[in-house]
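Below sits a lone chain in structure tokens, taken as the form predicted alone.
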């Protein structure tokens, strides 16, 4: 079996529709406009289109769990045990194997939840950005991009869906999201711990890894989708992030990145509106 398999070789059946990140952000069913700016609001029962937004988010969780399983599995296989810069400790492989077990269970739960919510596999598109982050050739950057940034996003999403299930009176959704949320905290904690252990004598490598994490975090905060603002569709789960090894300063930085992304999306929207008005005039 080859090492460092590219994203376009991921196996999918005919139910799945794959799009790139730009196309996914532009999909109006994901609650965003053609310029990537948010058009929805916090996920509550009285939000316009709330059922569709919840179903789209659930489908996104499902495909994310598949890629998280694939990414953790690739990390087990792609790296050798040793002391080289591209090697990893055997204990890290054990942690990734444990994560594969969790992610496989999450896939099963997510399929059942999607059916419960009236969603079919493939109703919403899949992008491969999570797996792309799991293809980084440096195991430390892979851990920060996946286990800290994207699994950190999963903490925020699961907590949001758990709260939504509680508000709408859906104990099945609330219980399942709470169950998976507990696993995500351990996944992010593993990433936080291994980042510090693998870079204890290499501050420059840690700096590069954290910068890669910021890039991923900013991308998934696009248009204010995830942040601390009251009307952010997905709220930062600060308490759970602290449990997972994030410092308060790191969480504040993610919140600031979300506000920057929101401001940039507004600027793009304003520019597009002005351009359309000029053409019409």
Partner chain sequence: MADPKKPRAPFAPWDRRELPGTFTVEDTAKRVGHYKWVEMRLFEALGGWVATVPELDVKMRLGTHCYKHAWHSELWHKRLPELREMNPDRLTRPPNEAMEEFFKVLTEPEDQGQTIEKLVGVYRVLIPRKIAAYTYHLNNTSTITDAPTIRSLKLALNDEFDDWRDGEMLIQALIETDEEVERAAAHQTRLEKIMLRAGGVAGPGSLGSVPETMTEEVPV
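Keep in mind that what you see is a predicted model, and the values were worked out from it rather than measured. Positions refer to the first chain, counted from 1.
Keep in mind that the form predicted together with the partner chain is not shown, yet the notes after this line are about it.
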Students should find that, of 97, 182, 172, 200, the residue having a non-hydrogen atom no more than 4.5 angstroms from the partner chain in the predicted complex is 97
5, 10 and 101: each with a heavy atom within 4.5 Å of the partner chain in the predicted complex?
yes
Self-check item: Distance check, residue 167 to the partner chain in the predicted complex, heavy atom within 4.5 Å
Solution: no
query = Given that the partner is absent here, does residue 43 sit within 4.5 Å of the partner chain in the predicted complex, heavy atoms only?
reply = no
Exercise. Determine whether any heavy atom of residue 87 comes within 4.5 Å of a heavy atom of the partner chain in the predicted complex, and answer yes or no.
Key: no
| said: Contact with the partner chain in the predicted complex for residue 108, defined as at least one heavy atom pair within 4.5 Å: yes or no? | reply: yes
Partner contact check in the predicted complex: of 71-79, 158-166, 205-213, 140-148, the stretch with a heavy atom within 4.5 Å of the partner chain is 71-79
Contact check, 110-126 vs the partner chain in the predicted complex, heavy atom within 4.5 Å, ordered by sequence, gives 121
